[in-house]
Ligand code: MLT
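So this first bit is one chain, no partners, the form predicted on its own, shown in structure tokens.
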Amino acid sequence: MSSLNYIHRYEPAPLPAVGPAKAGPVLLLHGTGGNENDLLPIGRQLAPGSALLSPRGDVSEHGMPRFFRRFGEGIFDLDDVARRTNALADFIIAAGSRYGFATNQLTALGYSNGANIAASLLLLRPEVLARAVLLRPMVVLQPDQLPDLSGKQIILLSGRSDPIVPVDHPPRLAGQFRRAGARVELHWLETGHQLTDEDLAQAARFMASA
């Protein structure tokens, strides 16, 4: 089976370049029920000079695309998480070869389920990401052995009144990344699970400083 078997959108970096392209290429990972088109406007807003790669999750939950299976809210099929994380990493590598971008410069921008699969990529296949913007992430994996994330930059943006993400999860996830050697920011926003202008402002600042 082809490693490019994910339905996806790829938008090359604009020519002539528009705005700074310091963040390099950006991987866009949608939330449950989203698709490959959802985050393209946000990606282009945050990284106007970057190439954008946006796959659609290949798991269907009652007709809603996701990146891995779960048994219920916050109850994950960990074998499937590992399998889908490796499949997505292979897709990213194949896409880099096909479209001509370097994965060692790739920033993941993930929301909700997309943030969780991005976190899993960092923990299981860290070679495919340089940075990550995790919007409303939670703890999915707790590996016995953490990878070496030295040099990785990660920002977690969490809502204080999020009804989906348990309040202890963002600091636990940030702690995992820090113990692995990553440079980590955790910001609490006065919101729930939905995205806000403050999310975009924090993400834009993070990506511009890369």
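Start at 1 with the first residue shown and count on from there. This structure is a prediction, so every number in the text was calculated from the model and none was measured.
Omitted here: the form predicted in complex with the named molecule. The next part is about that form.
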{"property": "Location of the named molecule contact in the predicted bound form, chosen stretch of 151-159, 173-181, 37-45, 65-73 [non-hydrogen atom, 4.5 Å]", "result": "65-73"}
{"property": "Every residue of Thr32, Asn116 and Ile164 near the named molecule in the predicted bound form, heavy atom within 4.5 Å", "result": "yes"}
{"property": "Residue contact check: Met138 to the named molecule in the predicted bound form, 4.5 Å heavy atom", "result": "yes"}
{"property": "The named molecule contact in the predicted bound form: Thr107, any heavy atom under 4.5 Å", "result": "no"}
{"property": "Partner proximity in the predicted bound form: Thr85 to the named molecule, non-hydrogen atom cutoff 4.5 Å", "result": "no"}
{"property": "Distance check, Ser112 to the named molecule in the predicted bound form, heavy atom within 4.5 Å", "result": "yes"}
